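Let's start with one chain on its own, the form predicted alone, as structure tokens.
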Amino acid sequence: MNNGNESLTLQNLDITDTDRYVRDGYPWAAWDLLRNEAPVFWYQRPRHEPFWAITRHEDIRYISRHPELFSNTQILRISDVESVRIGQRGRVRNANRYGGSAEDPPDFIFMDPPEHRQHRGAVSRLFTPRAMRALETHFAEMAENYVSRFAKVVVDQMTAKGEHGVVDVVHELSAKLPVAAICEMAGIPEEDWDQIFRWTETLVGAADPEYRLPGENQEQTLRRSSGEWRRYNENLVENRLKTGLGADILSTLMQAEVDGAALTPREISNYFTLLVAAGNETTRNSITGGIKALLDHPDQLQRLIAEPDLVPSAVEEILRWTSAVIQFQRTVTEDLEIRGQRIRKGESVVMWYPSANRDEDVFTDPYKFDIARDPNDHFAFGGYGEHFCMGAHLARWEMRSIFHALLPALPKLSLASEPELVAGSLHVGGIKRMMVRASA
């Protein structure tokens, strides 16, 4: 990680260089050093505005539970300076298109209480455990179908290419159920699901040149994809108005009121975009990472096959182990102290969730993959509090369904190469492809 024989220190560690993430994976050694020597660390590196790096479980929980001290309304995720500028220009374009101000929150995640709670409540009932239990059988059926199709693709590749036949888990399996589930809930026609995935994949991964058309830069890719998605979204709204509203997510948003007022077209569009994108990006990366974890730990895979009742527990460990969401950022609303460090009003704190999920004070043997780990107080869905992921129950049900269905096939698979990570991503640890092969 440090090039050559240079030892890792607080002065030379780097947790924001996305090229290193692609090349070396998550900077676990740097996070370990920060947790042990400087868990509240003033981090200042080129290409990023300085911030306080928060790496311990206890402190992330505290920040998450005190939105009155740590605000979401300014900057939500750490990005390089140019990406921040791109986002600001996008806000101006949206204000020009829909009216309002460029300072208006892009979606409800950029709100603090009580506004955040009121907007979140517009659709939160669709994501409760009760709502997910009603879909459990349906999710299981979809998972079985997708695993069967995946198995057929694997067999076809083996037949055609023998030992050289490889299959991409991401596009042939991991993305299927998350996309189908959120699209069904959103009332999106099945024939459009593949296109929905391509849009969300591009919008989240626009910093990666692979997702750009020839001659495009990051901002042009974002503008093209977001424009195509916006027009599609507007057509969906028009169709709902013509054919009648239902019980789906979009219809619910169109009927929602906050403080007695209907959501604006801009709010509906941005809210819908957030739910659809978040509904498949993080879960499909957790599924992919979970498959890799089980293949990398055959003792745990064999135990799971022998004890399939451990699937719910295994899913929790996969969520901790993969830690798909890397970080969120907050702005401090008043002068305060954390672990003796004076943090001033207006400064930023950045919560590093993978580090919290390896915190030795919380997890026994944190670098051991243990499908029966109990307790498992991970932060895969945030540090709890106001902004705990609304789709957490949906993600868990999807993952349980997929791994139940996949168990018989997993022992026949092996990694053909290391996963290829999405370049330029510092928010979600995206895996853009992971090739596997099957034994005869």
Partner chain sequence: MKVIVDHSLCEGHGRCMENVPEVFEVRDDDRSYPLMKEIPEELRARVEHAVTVCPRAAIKLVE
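Fair warning: this is a prediction, and the values are worked out from it, not measured in the lab. Positions refer to the first chain, counted from 1.
Keep in mind the form predicted in complex with its partner chain is missing from the figure; the text below concerns it.
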{"item": "Output flag, 117, 120 and 388 jointly within 4.5 Å of its partner chain in the predicted complex, heavy atom basis", "value": "yes"}
{"item": "In the predicted complex, segment of 61-69, 34-42, 48-56, 410-418 with a heavy atom within 4.5 Å of its partner chain", "value": "61-69"}
{"item": "Contact residue in the predicted complex, from 239, 220, 124, 145 (heavy atom within 4.5 Å of its partner chain)", "value": "124"}
{"item": "One residue of 341, 128, 195, 333 in contact with its partner chain, assessed in the predicted complex (non-hydrogen atom, 4.5 angstroms)", "value": "128"}
{"item": "Distance check, residue 393 to its partner chain in the predicted complex, heavy atom within 4.5 Å", "value": "yes"}
{"item": "Distance check, residue 384 to its partner chain in the predicted complex, heavy atom within 4.5 Å", "value": "yes"}
